[in-house]
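First, one chain by itself in structure tokens, the form predicted on its own.
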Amino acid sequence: MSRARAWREALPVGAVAGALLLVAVVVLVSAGADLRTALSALWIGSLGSRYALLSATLVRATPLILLGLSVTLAFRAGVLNIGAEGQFIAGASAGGAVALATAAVLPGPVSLLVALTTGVVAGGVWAAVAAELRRRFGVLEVISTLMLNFIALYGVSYLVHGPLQEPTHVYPQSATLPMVARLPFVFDGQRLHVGFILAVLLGLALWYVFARTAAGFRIRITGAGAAAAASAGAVDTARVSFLAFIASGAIAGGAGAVEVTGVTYTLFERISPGYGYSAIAVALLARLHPVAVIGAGVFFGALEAGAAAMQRDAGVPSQFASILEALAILGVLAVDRLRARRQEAAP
């Protein structure tokens, strides 16, 4: 890429970042917040210290990256999987239940591996329900996955009030996972667990699949034009979409198992504060590029960690992060639209 082209690519992104910062300042001033205190809290709470980075930002980024990759895989295959939230909850429920059941009878690493694998399978099965409804009856996946999200939400509520409730039956949550069933930390004294490394490796692996393999090529052309690919007779687009749908759910389910074994160590009703929906924004901000999803996930994780610090130290509502996330998505979409118009107008 030439230097001039690099500048042309970077300039719109820089403009979006600058506009985002300006809007953030305006919103904070309009809300009556002390600007210096609020921005200082945003920085210190997200990237301003080793603890903030490793125990807040990257920990929050891990499920966003994994779920962002799940959404990216589905969308690249032309599947509008809005069910990452439900698949995440299904994976967390199954992974947590298996971890509790096997920790006492299996060696620690084996129990952890079985729990993570169960989460992956549960997410894939949960997605397979919508995939089969789409394949056999033509049910729109947007509707079926959204409904399955609510079923998963009420399902975990039943579990933590019933079969999986902790032994005293006082709190609506499962028992706490023993140490052997927990993901190890990357650094001593920090909350960052190896799930983050798995998320990064998965992003790189997915990029390689899309860019260098025949399977990735079939996924890309199915998403770009399923009718054309099918009419050419080169790709079984129905099969590609079906398998991509299930794989997307499996990644989301794995994210749920990673969360329960790496962060919460227990299953409860609100184990996901909406990660599955935020992941759609992460994937769109990354423009469905797996490596960019890693950066977008860290960006959103930093916003959420910084917003929590702003609420604590400056009295700024935590919803401030959601405003910035939405503005970032709108900015990226605007840049894409401007680029498309420029290409259409070019001779």
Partner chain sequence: AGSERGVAFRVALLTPGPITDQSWNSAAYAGLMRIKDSLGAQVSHIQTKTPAEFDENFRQYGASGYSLVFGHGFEFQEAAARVSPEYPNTIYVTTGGISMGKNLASMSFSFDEPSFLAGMIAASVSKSDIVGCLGGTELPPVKASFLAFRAGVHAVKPRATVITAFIGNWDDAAAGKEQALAQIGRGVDVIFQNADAAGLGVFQAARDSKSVYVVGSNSNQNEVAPRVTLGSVVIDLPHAFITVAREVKAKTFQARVIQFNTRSAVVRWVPNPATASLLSARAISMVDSVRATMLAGHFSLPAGR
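Residue numbers count along the first chain shown, from 1. Since this is a predicted model, take the numbers as computed values, not measurements.
Separately, the form predicted together with the partner chain exists; it is not shown, and the next lines address it.
- Contact check for L54: every heavy atom lies farther than 4.5 Å from the partner chain in the predicted complex.
- Although the partner is absent here, A94 sits far enough away that none of its heavy atoms falls within 4.5 Å of the partner chain in the predicted complex.
- Taking the partner from elsewhere, A99 is found to have every heavy atom lying beyond 4.5 Å of the partner chain in the predicted complex.
- Using a 4.5 angstroms limit between non-hydrogen atoms, S40 is distant from the partner chain in the predicted complex.
- The stretch among 246 to 254, 197 to 205, 116 to 124, 174 to 182 whose residues place heavy atoms within 4.5 Å of the partner chain in the predicted complex is 174 to 182.
- Contacts to the partner chain in the predicted complex (heavy atom within 4.5 Å) from stretch 243 to 275: E259, V263, T264, Y265, T266, F268, E269, R270, I271, P273, Y275.
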